[in-house]
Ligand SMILES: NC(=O)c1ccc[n+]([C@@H]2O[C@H](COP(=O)([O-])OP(=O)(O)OC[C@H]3O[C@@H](n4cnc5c(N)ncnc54)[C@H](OP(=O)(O)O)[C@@H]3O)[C@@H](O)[C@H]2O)c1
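Okay, here we've got a single chain as structure tokens, the form predicted alone, with questions on binding and movement later.
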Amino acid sequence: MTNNNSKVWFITGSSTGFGRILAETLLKQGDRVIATARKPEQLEDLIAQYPETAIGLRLDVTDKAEIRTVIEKAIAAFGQIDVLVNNAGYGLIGALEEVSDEQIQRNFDTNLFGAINVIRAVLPMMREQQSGHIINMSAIAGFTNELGFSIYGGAKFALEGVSEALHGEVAPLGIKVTIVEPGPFRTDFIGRSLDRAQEQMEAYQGTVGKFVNFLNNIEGKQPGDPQKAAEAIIQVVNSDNPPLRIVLGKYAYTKFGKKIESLTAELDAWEAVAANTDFE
């Protein structure tokens, strides 16, 4: 059964973590969900529970042709896409010098270019219907990065830059954009979803090594509740005036505030130099 106000959600990376919990929560409340994953068999139990309101499709967001095909299937199934959630992604931990060329390329292909290509495939439909909401799952590392997350955080920084411009480009078309910045939540991000540099260099043990130890020690004890995160995302989508950014969890909220304070202090300290570089 669907409710009269139900939306159609297209969620990438739906097999585990935020994507899975968000899909389950939406289906329980009567929305319709196109759940996608690289291994769609992991969605079979969910689809079996909600055969009328959920479909599960294979999607590797690094495959442009597959993206187009899956979007066409989604529209054929439910007639529209009201909310796109770019959730597919994974972390990469290691100093910039430690990670391999292949790891760098693959991480950007998934976390940045994958999201961009899904957005570009969905936008024609949203423009036509003059409505829609794009949710881009970033991370607090996409606003204030961590030592060892140079590539992962860099990809998320880039996604946030794309999202800021996109927000203004599509606002006159009735389309909304929100960046979600979670801190450490109790998902499988640190375990299954975290790629690691194959080589750990002694030179970085006092910097990157400390953050690696922090992640290892916090696994399974992350303060963030994924269910509450899903509910916050739904609240944002249902809002008449959704934010461009929403920061989830006290850890992320504190780091976000400290970054703003640091930026303001640095801006003020160098004002005399920076502001006097224009032609007279």
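Heads up: residue numbers just count along the shown sequence, starting at 1. Every value quoted in this text rests on a predicted model; they were computed, and no experiment measured them.
The following text describes the form predicted together with the named molecule, which does not appear among the structures shown.
In the model of the complex, the named molecule lies farther than 4.5 Å from every heavy atom of residue 228.
Among residues of the shown chain, residue 78 is not one whose heavy atoms approach the named molecule to within 4.5 Å in the model of the complex.
In the model of the complex, none of the heavy atoms of residue 34 sits within 4.5 Å of a heavy atom of the named molecule.
Among residues of the shown chain, residue 42 is one whose heavy atoms approach the named molecule to within 4.5 Å in the model of the complex. Of the residues 108, 204, 157, 189, just one reaches the named molecule in the model of the complex with a heavy atom at 4.5 Å or closer; this is 189. Taking 93, 118, 88, 177 one by one, only a single residue has any non-hydrogen atom within 4.5 Å of the named molecule in the model of the complex, and it is 88. Looking at 166-174, 122-130, 136-144, 68-76, the stretch with residues near the named molecule in the model of the complex, meaning non-hydrogen atoms within 4.5 angstroms, turns out to be 136-144.
Contacts between stretch 51-76 and the named molecule, counted in the model of the complex as any heavy atom lying within 4.5 Å, involve 59, 60, 61, 62, listed in sequence order.
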